[in-house]
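Below you will find one chain, with nothing else, as structure tokens; this is the form predicted on its own, and questions on how it binds or moves follow later.
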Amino acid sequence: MNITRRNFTYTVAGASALYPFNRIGIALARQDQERKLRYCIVGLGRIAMGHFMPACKMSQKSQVIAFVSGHRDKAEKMAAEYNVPAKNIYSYANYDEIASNKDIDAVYIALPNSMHAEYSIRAAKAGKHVLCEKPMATSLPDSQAIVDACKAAGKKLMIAYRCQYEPTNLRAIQMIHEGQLGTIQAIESANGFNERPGEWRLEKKLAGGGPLMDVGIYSLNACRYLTGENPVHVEGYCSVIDQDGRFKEVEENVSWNMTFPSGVVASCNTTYGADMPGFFRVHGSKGMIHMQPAFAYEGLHLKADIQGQPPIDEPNHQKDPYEFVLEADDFADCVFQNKEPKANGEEGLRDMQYMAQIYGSCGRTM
């Protein structure tokens, strides 16, 4: 596999799109500001109801317009809260009928991992743009099939890497790319939690894998966006320590190392066996950035010690679901302005490739 340096761009706070200084350009800009991307929410679980849907309420560019759920009573309750008409409530059996609903611009896929591919592909075939939660699928062929389906349909595809749009992470990226840390040498990152028995994430058929697929992917993706590079070597180690019945199908712990083209080395850990607050540390020749929490829905906190500068201590006081607002708004901009999402299908596919390599070096498969 030919891996090259990534073309990573970040948006500086306060920046705005530039439109042609003519009447047509001004009219288009005004139209974009007034439009809202109308979402069909596919899967009424915790991340949809607790985070993404409230974000759409706060957004000036996004709107919940339809639901797909296997629980009609739950969907009707949400419909009352979000002013969704009864005709826009679908089951999984009649999901393909969204094709004829002109109210729906895009779908937000918030289903268990193993269902991402099917419902993303069917959405693209129905003529809808796709915002899919990560990981984008549970296999490389399924991930590629999502990318291919959206391209064939001419529809936008974004994978929900909300940290790539979050200001504190962008601040860390900016500091690194401006050379404030000097030459980057190493990165450390971890993210995990103590998973409860009975959760779908412990079923390989639904999840595709254990904590690496769920929360370890944050560390993997962070190392890539912090360096702006893709790793040239990846090696992982898996283990199960707690013999309490939870980890019959998926791993409990994963540790992996990565080497990047510049020579930067990264060491990452994830677990379902202990609370492991998400963090990253970036070590450079002139200093260090430490962010903890780095991947949470709120409370992110950036610290840095850099030669010749006062210590940096920058907590982010924004509250959940602000990260989801930024994510949804960026996808709306991509659709309305015909831009390629930063966190596009190829970005999600890359992480799937590296996770496959990590599992392969552990003697496991996704």
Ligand code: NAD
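Fair warning: this is a prediction, and the values are worked out from it, not measured in the lab. Residue indices: 1-based, along the sequence shown.
Only in words, not in the display: the form predicted together with ligand NAD, which the text now covers.
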field: Option from 111 to 119, 145 to 153, 239 to 247, 169 to 177 whose residues, in the predicted complex, bring a heavy atom within 4.5 Å of ligand NAD
entry: 111 to 119
field: Heavy atom within 4.5 Å of ligand NAD in the predicted complex - the one residue of K102, K77, H71, H233 that qualifies
entry: H71
query: Does ligand NAD get within 4.5 angstroms of any non-hydrogen atom of P135 in the predicted complex?
result: yes
field: Heavy atom of I47 within 4.5 Å of ligand NAD in the predicted complex
entry: yes
- prompt: Does V265 reach ligand NAD in the predicted complex, with heavy atoms at most 4.5 Å apart?
  reply: no
- prompt: Hey, in the predicted complex, does Y218 get a heavy atom within 4.5 angstroms of ligand NAD?
  reply: yes
message: Taking ligand NAD in the predicted complex, would Y92, R162 and F324 all count as contacting it (heavy atom within 4.5 Å)?
response: yes
query: Using a 4.5 Å cut-off on heavy atoms, what residues in 180 to 212 are near ligand NAD in the predicted complex?
result: W200, R201, L206
